[in-house]
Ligand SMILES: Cc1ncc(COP(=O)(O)O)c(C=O)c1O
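In the form predicted alone, a lone chain appears below as structure tokens.
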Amino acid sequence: MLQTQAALDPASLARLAKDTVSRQNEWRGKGTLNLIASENVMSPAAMSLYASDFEFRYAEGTIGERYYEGTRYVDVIEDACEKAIKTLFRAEFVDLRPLSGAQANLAIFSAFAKPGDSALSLNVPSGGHISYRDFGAAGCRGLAVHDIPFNNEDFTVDIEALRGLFKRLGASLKVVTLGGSLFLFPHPVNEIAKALGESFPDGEVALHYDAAHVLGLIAGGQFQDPLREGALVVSASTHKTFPGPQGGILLASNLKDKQRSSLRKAVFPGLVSNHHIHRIPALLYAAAEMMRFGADYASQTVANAKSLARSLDELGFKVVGKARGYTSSHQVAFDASGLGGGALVSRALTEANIIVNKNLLPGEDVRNSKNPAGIRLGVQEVTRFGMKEREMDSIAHMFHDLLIGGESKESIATRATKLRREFEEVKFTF
């Protein structure tokens, strides 16, 4: 951290920028095992497309109808990307312009509800993301947010209790949001869509599915397909299990003309002016990678997650979701309350060059967020570098040896870096 005014001179700031990026690239990029469930890496080819002249340009509006001149190549690349994404997800509607998954969520709340309306979503301990809670994007829209009833033991939505909530909220309900941040198993989209249709036969409630974490698994055919199961609209991030640039996306297949128009307007001019078009060539390349390699990548990702969970369980960790097979996604979670809590464990692992995050677990008091019981892991990045089940077992043993066996952080850090150095080339790419 800069401590003195003298360090704020331009030359020092320039050196600080260069030196810090170099250190980040070396440590996080090459020296650690990254198990953050919301991160991934682009292939070198996609990275090369990310930094281009597009980075400096504006392209307000839609393809062929821009408010700026000089956008002929923007139209070419954005049109190709939209068509690729539509093909990949069998979607009729695509909007690439949201700058994040949270912003994509806000666009949905803005398009389908007005201030004072009610929305349903999972609370944070049950896996819900902050963006669809009253202190996040839904609250920014002025929505009254209610909890989707959730069975903490089975990790699934309580459909019968949800039906009762539909009746209680009545005409005030405008959006039901599925998906989440802690997302181990598919949600019962089909059953909820059917219950919504029975309670609201005029279709006035939008069933929204947040696929931020599982978009790549959906693309690879290894998770549920929410659009086919009854979701009206899907939002997502393009940089988690989908290995593209950071950004957001909207997908739909059965929007009415008025709904389509409302969603478009919510994005632009509602939330986005220029949509950072340098993302689009890299996103197109990532989409091409997923069209060719997505099934293999997603399959290996899920296999790795299951393998890591099983190894951790066998080594004495309290892995959640065991009764359902631990996980069906890229994520693994375990209860670290007996090891000092999520905050302590996540810091210890970071000092040992294994990057994870602390996380609330279902049924936990949200006031525990600074030191929750849980640890959340994601294997999508290490899978992208070519690791398989054998390496998952090695990683689990590092967890055990550090947190249970008492091996030093320095020793584990050396082991973690050594393993990472054996997998430096991005796989599942052209």
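Here the structure is a predicted model, which is why all the values come from computation and not from measurement. So that there is no doubt, residue numbering starts at 1 and follows the sequence shown.
As for the form predicted in complex with this ligand, it is not shown, yet the points below apply to it.
Remark: of stretches 299-307, 340-348, 216-224, 96-104, the one touching this ligand in the predicted complex is 96-104 (heavy atom within 4.5 Å). Out of the listed residues 281, 321, 247, 136, 247 is the one that sits within 4.5 Å of this ligand in the predicted complex by at least one heavy atom. The listed set 32, 368, 43, 38 contains one residue whose heavy atoms approach this ligand in the predicted complex to within 4.5 Å, identified as 38. Although the partner is absent here, residue 329 is not a contact residue: none of its heavy atoms lies within 4.5 angstroms of this ligand in the predicted complex. Heavy atoms of residue 242 never reach within 4.5 Å of this ligand in the predicted complex, leaving it off the interface. Although the partner is absent from this view, residue 259 stays clear of this ligand in the predicted complex, with no non-hydrogen atom inside 4.5 angstroms. Using a 4.5 angstroms threshold between heavy atoms, residue 294 stays clear of this ligand in the predicted complex.
Contacts with this ligand in the predicted complex, taken as any heavy atom within 4.5 Å, map within 167-185 to 180, 181.
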